[in-house]
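Just one chain follows, in the form predicted alone, and it is written as structure tokens.
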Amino acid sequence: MNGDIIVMGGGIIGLSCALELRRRGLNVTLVEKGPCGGQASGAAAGMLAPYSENVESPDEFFRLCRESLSLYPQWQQAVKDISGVSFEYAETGSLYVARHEADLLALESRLEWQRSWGSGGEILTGSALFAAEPGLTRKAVAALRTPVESHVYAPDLAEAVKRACLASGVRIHEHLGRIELAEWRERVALRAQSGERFEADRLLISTGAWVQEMSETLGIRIPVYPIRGQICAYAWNEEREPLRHLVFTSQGYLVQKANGTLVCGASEDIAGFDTSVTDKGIRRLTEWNKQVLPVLGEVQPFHRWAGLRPAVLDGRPLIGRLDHAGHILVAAGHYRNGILLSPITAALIADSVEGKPLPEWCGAFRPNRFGGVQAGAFS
């Protein structure tokens, strides 16, 4: 594969796609209005948990997440090898905790369909549950354990993928300010607020929650909106009982990192592009987490932050070529799963550029699926 491509957006999805496209032979330029990994990517808790975060049925989105999880061991090692940067990748497994007897039926139903999709799950109760996770509240009646789930330290991963891109020959331009799409119908030209101009044969748009700004220019509906996710972290010294698994409840998650922090998330609200942290948002976390891990009632978080998660109207990301402009591709709208979906998104985008047929179920992620901005936009 040869030719030039511009990747517009330096989050984990854009960086991962740039790396894969470069590895397959394209000349890749990545442009970013701010710092790479500066929005949702750097703020993420880094959970790789498709079973715990898809609780209803094995739809196309679950399948996308599961396929990406299967790619992760080899992909993250390749990133380490190319970049020379190490980062935390912890295959801890997960527990989805139920604190009421009425929730047991839902756990059993999930276990049945998820095991048929390779979860290796089991339901733990009583002494087996507290042996697996000693710090849990004794009011927990059961938990669904999924051993194949894991997590990474997102800021280090984003930095490692960036360095892998640079080591592979991707040209990265950061802090460009506003970037406009000046030409796109035949060749691609971008104009940055900094005054720089970039041209290529193809374009990949991967600008997260900002991708909706391209809607009018490209003439298609792109219903992607920012959802503010607020997270807090606790200092977790060696004297406290370590958290051995990713721990989920219906209200959020807890995950311990190798750097001595326990991360709790996520409180979500609609606040436009506002990334400020609110007392109300953090209080939502601190009110439920101590009911699951009682020791949290004795300590206060030392760090609080927020990131913008790009949510699509139907809950599914946009991945693939534009129907009316095959040289333009989109990889955006991954909501809270950008870290998890990086390997599969990069692979699907690179396959699309190479002209390879994608699996039929990937049609659920077509960027054009919401139609045009107005009737006859391309007549």
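Residue numbers here begin at 1 and follow the sequence given. Only a predicted model underlies this, so the values are computations on that prediction, with no experimental measurement involved.
This protein has a second form, the form predicted in complex with a small molecule, left out of what is shown; the following refers to that one.
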Distance check, residue 326 to the small molecule in the model of the complex, heavy atom within 4.5 Å: no
Partner contact for residue 289 in the model of the complex: the small molecule, 4.5 angstroms, heavy atom: no
Residue contact check: residue 317 to the small molecule in the model of the complex, 4.5 Å heavy atom: no
Heavy atom of residue 312 within 4.5 Å of the small molecule in the model of the complex: no
Segment assignment from 26 to 34, 349 to 357, 317 to 325, 55 to 63: heavy atom within 4.5 Å of the small molecule in the model of the complex: 26 to 34
Joint contact, 12, 231 and 308 to the small molecule in the model of the complex, by non-hydrogen atom at 4.5 Å: yes
Answer option from 196, 88, 213, 103, heavy atom within 4.5 Å of the small molecule in the model of the complex: 213
The unique member of 153, 75, 253, 236 whose heavy atoms fall within 4.5 Å of the small molecule in the model of the complex: 253
